[in-house]
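This document starts with one chain, in the form predicted alone, laid out as structure tokens.
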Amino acid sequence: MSPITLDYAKCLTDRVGKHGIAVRDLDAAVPELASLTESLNRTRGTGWQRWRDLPFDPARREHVGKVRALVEKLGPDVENLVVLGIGGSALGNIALQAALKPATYNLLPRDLRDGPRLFVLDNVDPHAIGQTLTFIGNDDPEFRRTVVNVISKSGETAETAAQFILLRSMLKRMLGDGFADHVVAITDPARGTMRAICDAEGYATLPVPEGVGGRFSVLSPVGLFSAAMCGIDIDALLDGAAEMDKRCSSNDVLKNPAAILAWLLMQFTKRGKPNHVLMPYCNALYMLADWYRQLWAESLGKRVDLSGKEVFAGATPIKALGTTDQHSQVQLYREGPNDKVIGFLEVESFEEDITIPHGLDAENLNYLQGQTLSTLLNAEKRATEYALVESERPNFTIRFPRLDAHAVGQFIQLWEITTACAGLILNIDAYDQPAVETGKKATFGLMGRPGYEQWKMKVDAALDSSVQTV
């Protein structure tokens, strides 16, 4: 299997002038990056860094074995798999499905699909949820072939809990006493509200592994179960992640893509480029850019560093899509503030390609006829690189030899290790999310959860006293 590669030449001064980084600065940083890599290697598998071991035995053998056993037990007759989650409990599932299954997967008849239709409810928008429930519940025999996969470590996240209460009620009403056979919960293996519900009602369960936070959980049962149900090769996914992990564990840091990528992006942030664009030239990779946004923003956006000093660290991740956003964003990227680094995702060889036919008599369009769409797509990407270099806008490319589970596993592990390395460079805790917790507690108060009354008072005092409406 060929590795995905990082091409960072267009981040350097010889390509983008004063807005780039000098090779001598990168060379001078080698000892620091080697030390950071050694630190990550030393602490891997401990605390909140247990995600590093997910692609390897014994964690891999345990999780894959449990996932496969449950997939086999449910059998080939499941028609709808409804995943309930939010943030890291949903974004990875969506990204894997978008990257590795056809865009029309849910529209295909069952005999042309490798598994059930997949619906990921990652919000509490009543329109989206109502329409999905109407669709899967409008045929009673088909609804009996529906499985609900609720993903929540504690069971107390308001959005997922609300979704679960709705779906549980619907299952119980339509299926009666056997409804519990249609629920798979991925939760804490020993404690928490969801664990208590599972034990009381007899749901099949898979673990959210200890020390694996939501945004680092896609290679755990959190992401592997729905992927395996839909026929994604989870062994290839983990093989790719394991291979990338070995590359990113190297103290020869100029051959370590995570160390280089983390250092470059943190240097650009320090030098006034805190906006980090990820722009796939492949529709199937677009939702991986969504997954990256949470990983980068929630991990690195911190008010204080590890010493308690206010630093307001972080960078703003932005997703774009080539070629679509050449016509909506690149004008800004080239001529607006030079405060961005643009990362491209390129696929060298598409599994399916389409040749533009001959037959249209239009002199100015003859150059297109006989060419393939992939040739045009990658020419557009290269042209955009050139346009950015002309405007001294730094950019890099992560190149996929082909789009398959092995490559996607590499990509996931690359960004997770890059994020961990960037956290060390910034001297912040990349694994907590105190600002998110504040919003959760305020929601509890506003929704009337006992014990959180003071949070409603805080919200009302902060917001209602300054209402101005025109």
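In this text, residue numbers run from 1 along the sequence as written. All values derive from a computational prediction rather than experimental measurement.
Not pictured, yet referred to below: the form predicted together with 5-phosphoarabinonic acid (PA5).
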> Does N395 make contact with 5-phosphoarabinonic acid (PA5) in the predicted bound form, using a 4.5 Å heavy atom cut-off?
Replying inline: no
> Counting only non-hydrogen atoms and a 4.5 angstroms cut-off, does S152 reach 5-phosphoarabinonic acid (PA5) in the predicted bound form?
Replying inline: yes
> So, in the predicted bound form, is T157 in contact with 5-phosphoarabinonic acid (PA5) at a 4.5 angstroms heavy atom limit?
Replying inline: yes
> Using heavy atoms and a 4.5 Å limit, would one call S89 a contact residue for 5-phosphoarabinonic acid (PA5) in the predicted bound form?
Replying inline: yes
> If you check P280, G240, P221, G214 against 5-phosphoarabinonic acid (PA5) in the predicted bound form, which one has a heavy atom within 4.5 Å?
Replying inline: G214
>> By the heavy atom within 4.5 Å rule, which residue out of T419, Q49, Q433, T37 makes contact with 5-phosphoarabinonic acid (PA5) in the predicted bound form?
In response: Q433
> Which of these stretches, 59-67, 28-36, 433-441, 408-416, has heavy atoms within 4.5 Å of 5-phosphoarabinonic acid (PA5) in the predicted bound form?
Replying inline: 433-441
>> Under the 4.5 Å heavy atom criterion, name the residues of 273-298 that approach 5-phosphoarabinonic acid (PA5) in the predicted bound form, in sequence order.
In response: Q294, E298
